[in-house]
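Given next, in structure tokens, is a single chain: the form predicted on its own.
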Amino acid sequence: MKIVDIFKKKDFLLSFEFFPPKNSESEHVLHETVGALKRFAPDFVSITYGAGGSTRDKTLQWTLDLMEDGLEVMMHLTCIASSQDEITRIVHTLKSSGIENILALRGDAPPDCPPPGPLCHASDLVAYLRELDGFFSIGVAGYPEGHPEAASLEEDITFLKKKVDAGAEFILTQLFFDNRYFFDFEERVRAAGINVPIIPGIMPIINPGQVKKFTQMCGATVPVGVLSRMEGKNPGETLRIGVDYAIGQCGELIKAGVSGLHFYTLNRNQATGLILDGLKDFSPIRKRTG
């Protein structure tokens, strides 16, 4: 089912993000993760696309595998290192396989990337997908703290509006750890006349070093207080601190009436499962777990 149609039936969507495993051991871990998280009845899951389309084949295969496993799947699709012919071939494969949802992204250019063609921005990709077929439900990325390359928060919203005006039907945000950034982002989005659903992206702070690496890439701010409480703690204590923080963050978002929660799982299920178990008193989660 198209995500835009799921939104017509529900006012809160739950989803998980995975990335294509690199080896057989990692494949086993992802299979375990998917099996463990299915108990929360996700409305959809997404599969990432490596920088410059570097995991294209694996992304497509896992998209198809998870669909066969009974899940609604949204495949990430980047355009910066792909020709229109390549995009067209992928789109035809997705459609013929029954995949109805795409997250349209510009992507990060690899070092040897050829000069950009006509599809050099996510808004170009959205418009091309609409022109090419019109079959898919298309989502795009939003940045609560602004895209790292945007000159200002205002410019960032201008680019986001271009993506929505081109045909995007929902926004999936980059990770953030302070809800004030999300609420301010939501206010800017609505003030710009963008009225599509916005799903907050959540990544638990479990491994401080790993989180710092991700935030350096996307520009998100990590709460100093959380990191300081994790200093010198063993992995079990770090997990508990990160899970408790995320439960509080997600609880506040649910109370505020957000359109859903999208968890960046990093192909692991423990933290996400503990967070959702900790949110079981909230109606949108309780309905899924009984």
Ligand SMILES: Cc1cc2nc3c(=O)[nH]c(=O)nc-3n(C[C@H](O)[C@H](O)[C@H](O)COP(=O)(O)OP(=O)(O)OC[C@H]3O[C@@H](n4cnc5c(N)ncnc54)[C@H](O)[C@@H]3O)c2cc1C
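Position 1 is the first residue in the sequence shown; the rest follow in order. On a predicted model such as this, the values are computed, not experimentally measured, just so you know.
Beyond the structure shown, there is the form predicted together with the ligand, which is absent from this document and is the topic of what follows.
In the predicted bound form, every residue of the candidate spot (A122, A141 and E149) has a heavy atom lying within 4.5 Å of the ligand. Among heavy atoms of R130, none comes within 4.5 Å of the ligand in the predicted bound form. Residue contact check for A104: one or more of its heavy atoms lie within 4.5 Å of the ligand in the predicted bound form. Remark: D156 counts among the residues lining the ligand in the predicted bound form, judged by a heavy atom distance of 4.5 Å or less. Remark: K161 does not count among the residues lining the ligand in the predicted bound form, judged by a heavy atom distance of 4.5 Å or less. Only one of the listed residues (A81, I87, I202, L172) places a non-hydrogen atom within 4.5 angstroms of the ligand in the predicted bound form, and that residue is L172.
Judged by heavy atoms within 4.5 Å of the ligand in the predicted bound form, the contact stretch among the candidates 189-197, 176-184, 206-214, 96-104 is 96-104. In sequence order, T48, Y49 are the residues of 34-49 having a heavy atom within 4.5 Å of the ligand in the predicted bound form; the partner itself is omitted from this view.
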